[in-house]
Structures are given as C-alpha cells and as structure tokens.
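Okay, here we've got a single chain as structure tokens, the form predicted on its own, with questions on binding and movement later.
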Amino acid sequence: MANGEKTVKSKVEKVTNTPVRKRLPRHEREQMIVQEAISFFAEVGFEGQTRELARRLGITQPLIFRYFPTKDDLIERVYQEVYISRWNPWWEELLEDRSLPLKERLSTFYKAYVKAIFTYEWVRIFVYSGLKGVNINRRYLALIRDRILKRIMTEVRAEQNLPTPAEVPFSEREIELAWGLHGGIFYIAIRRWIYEFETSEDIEGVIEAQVASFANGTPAVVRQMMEVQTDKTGATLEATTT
C-alpha cells in the first residue's frame, strides 16, 4: 500500500472512531445540567465552581451560562427541583383533617415526609446552604414553620379546646415545641447523611414513637403555657364553642 493510501486510511479511521456528542434538545440538556448540579453541590458544597461542573458534564462552562446566566440562577433551579417540587399540598390537608386523631395525622404525615426528603442530595444541599450562607435553608425552614409547624400547633390547641391562633397568637415557645418534633425526626437524616452514623432501619417505628411522645405530652404543656399567658392578659382560656 502506498504511503498516501495509508495516510488517507488513517485519517478515515480516526474520524470514524471519534465519538460524536449527541445534540440534545434544549429541555433535555437543561435537565441534565440541573441533575448533575444537584449531585455536584451535594458532594462539594456551594463553593464548587461551575468550571468543574462543566468538566463533569463534558461540556463547556459558557454552555452552562447559556441555560443559567449566573451561578445563583442555577442554585435557584436546584432549590426548586430538590425542595419545592417534592412538596405535597396533601400534607397540609392531612394535618387539618379533624376526622382523624391528631396522633394518626402526625404519624401519617411524617412517614410520607421522610420518604420525600431522606436522600443524600436533599440533606447535604440543605446543610451546605446554611454553612455557605445560601438562602435555601432559610426559605425552606420558613415554609416548614408557616405551612407545617403552625398547623400542627393549631391542631394541638383544637384537641384541647383552646383558643385559635387568631384569638391568641402563638408564642415563640409554643412553636419551639413543634420544632422539637420536626427537628428530632430530621436529625435522623443528619446522622445518616452528614455524620455517616448508623441509624435505625425502622424509621417508621421511630416516627411513631416520637409522635406519640409529642402527642401525649405537648397538649398539656401548651395548656399550661396558655394559662400563664392568659393570666397576664386577662383573656379567656377556653375557646368559644357553638
């Protein structure tokens, strides 16, 4: 074979064996970037550079910025994808369903809730956002306080026939009681995904025990707290019934 033919053949083989990057539709490329960003930030935190993220994706950094003009835009999308998209409005309806005992509502809610949040990415991104000053954790905690914890304490009052929050606003100490229940359950995920410490495989059993402890003791504590509060203001403790 002549040298010229060998050269042509070599070039043809080189071109033929070179992998061709598939041209993805825009929405698929965007979703690919988001999913890799979720894994990336969960692993290295928010100090991770988009340059490194691009390298992991096998694309250029400018291509990331075509979809997300700033790193903050990408982080916002991660928040929407990991946290808001997993929020189930049914949780709020369940907590207010007084046809069920409060203990049953709380157990059902938290069993469903942990299935949505007990993941490596969810927990680690949440913790990293607090360490780095990214507002993901603050926004999500405000959501928990307003849509979950206040509902829980409203239902605790209803079980005791105590005034509604509209009649007597929640005190900080009262909301802290709900934080105690919520935080205790979330701490299981912290031990598993942050400390890498062995946790119980019977998560549902742990939830039932924590909920039972809360439901058996908290209503009486709330009544005592409100008795002190109403003594100071002269308000009527018992809720008006019709």
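All residue numbers refer to positions in the sequence shown, first residue = 1. All values derive from a computational prediction rather than experimental measurement. For clarity, a rigid core is taken as the largest C-alpha set superposing within 1.5 Å between two forms.
There is another form of this protein, the form predicted together with the DNA, and it is not shown here; the text below is about that form.
- Shown without its partner, this chain lists V44, A212, I190, L63 as candidates; in the predicted complex, only L63 has a non-hydrogen atom within 4.5 angstroms of the DNA.
- Contact with the DNA in the predicted complex, defined as a heavy atom within 4.5 Å, holds for exactly one of Q31, Q49, S39, S200, namely Q49.
- Contact with the DNA in the predicted complex, defined as any heavy atom within 4.5 Å, is confined among 190 to 198, 173 to 181, 212 to 220, 55 to 63 to 55 to 63.
- With a 4.5 Å cutoff on heavy atoms, M225 does not count as touching the DNA in the predicted complex; it lies far away.
- The DNA is not drawn, but in the predicted complex it has no heavy atom within 4.5 Å of R86.
- In the predicted complex, the DNA stays beyond 4.5 Å of every heavy atom belonging to R98.
- The DNA in the predicted complex comes within 4.5 Å of no heavy atom belonging to K103.
- Scanning 118 to 132 for heavy atoms within 4.5 Å of the DNA in the predicted complex gives no residues at all.
- Positional change of K111 between the shown form and the other one stays under 2 Å at the C-alpha, relative to the superposed core.
- Remark: with the core as the superposition reference, the CA shift of W179 between the shown form and the other one stays below 2 Å.
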